[in-house]
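Single chain ahead, written as structure tokens, the form predicted alone.
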Amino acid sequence: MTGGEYRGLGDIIVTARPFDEYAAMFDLRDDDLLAGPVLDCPAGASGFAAGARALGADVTAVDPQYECGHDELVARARRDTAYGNRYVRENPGTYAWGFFRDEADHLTRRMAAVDAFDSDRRVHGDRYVAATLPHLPFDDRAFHLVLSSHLLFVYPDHFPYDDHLGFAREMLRVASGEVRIFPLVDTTTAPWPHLTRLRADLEGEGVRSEVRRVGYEFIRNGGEMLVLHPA
């Protein structure tokens, strides 16, 4: 979890975000969640599936870390959540306060998301699928809505352009409605420099896209999501 040669947060961490944060990030309404099956990709140790399931949504979470033993993954999620909170404390100019009151509230609510993940996966383990983009074990158009949080665009030192394009194509393959990707900046607040190129390449394949502002911003300049409409 050290930065090493990577900028910003450094290595990819297992994130844990509560349901209400997902709703704000992706501008989600109950109708969005109840219109058809939803995929969270990658889901990490978030509480989204638990919260959406409580509303009656049909939710599947997918993440490569689900290959780990459950207790091991929960322990790692707690460590990574504490690491992420420490990064927030050490880089105050990178973050905007509003959704979270302060650093302590950030830690409390993220740890609560780990608790929600822990409880839900113990009951609904079959809805947490181990897989890695760009190879998802789902049929074409299996999900009405695909959500992708804090992977694409956030770790530009880990994934070159072709990986981003491949990830987007695979999520589009399994989507019948929309793919929503958030945010469009990395952990230093820098926008991903190839977004125009990505949208143009996907448009050439019949995919419509839009950049949509949402009512949430935690990383500064990070208040927008990319919405993709499958061909």
Ligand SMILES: C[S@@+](CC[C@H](N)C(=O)[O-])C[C@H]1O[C@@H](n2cnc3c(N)ncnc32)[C@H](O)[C@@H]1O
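The first residue of the shown sequence is 1; numbering continues from there. Since the model is a prediction, treat every value here as computed from it, not as a measurement.
Just so it is clear, the following notes concern the form predicted in complex with the named molecule, a form of the same protein that is not shown.
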item	value
Complete contact of His144, Leu226 and His229 with the named molecule in the predicted bound form (any heavy atom, 4.5 Å)	no
Partner contact for Thr60 in the predicted bound form: the named molecule, 4.5 angstroms, heavy atom	no
Partner contact for Thr132 in the predicted bound form: the named molecule, 4.5 angstroms, heavy atom	yes
Contact test in the predicted bound form: Trp192 vs the named molecule, heavy atoms, 4.5 Å	no
Heavy atom of Arg109 within 4.5 Å of the named molecule in the predicted bound form	no
Partner-proximal stretch of 49-57, 64-72, 198-206, 28-36 relative to the named molecule in the predicted bound form, 4.5 angstroms, heavy atom	64-72
Heavy atom within 4.5 Å of the named molecule in the predicted bound form - residue from Phe138, Phe100, Phe159, Tyr128	Phe159
In the predicted bound form, residues of 213-231 near the named molecule [heavy atom within 4.5 Å]	none
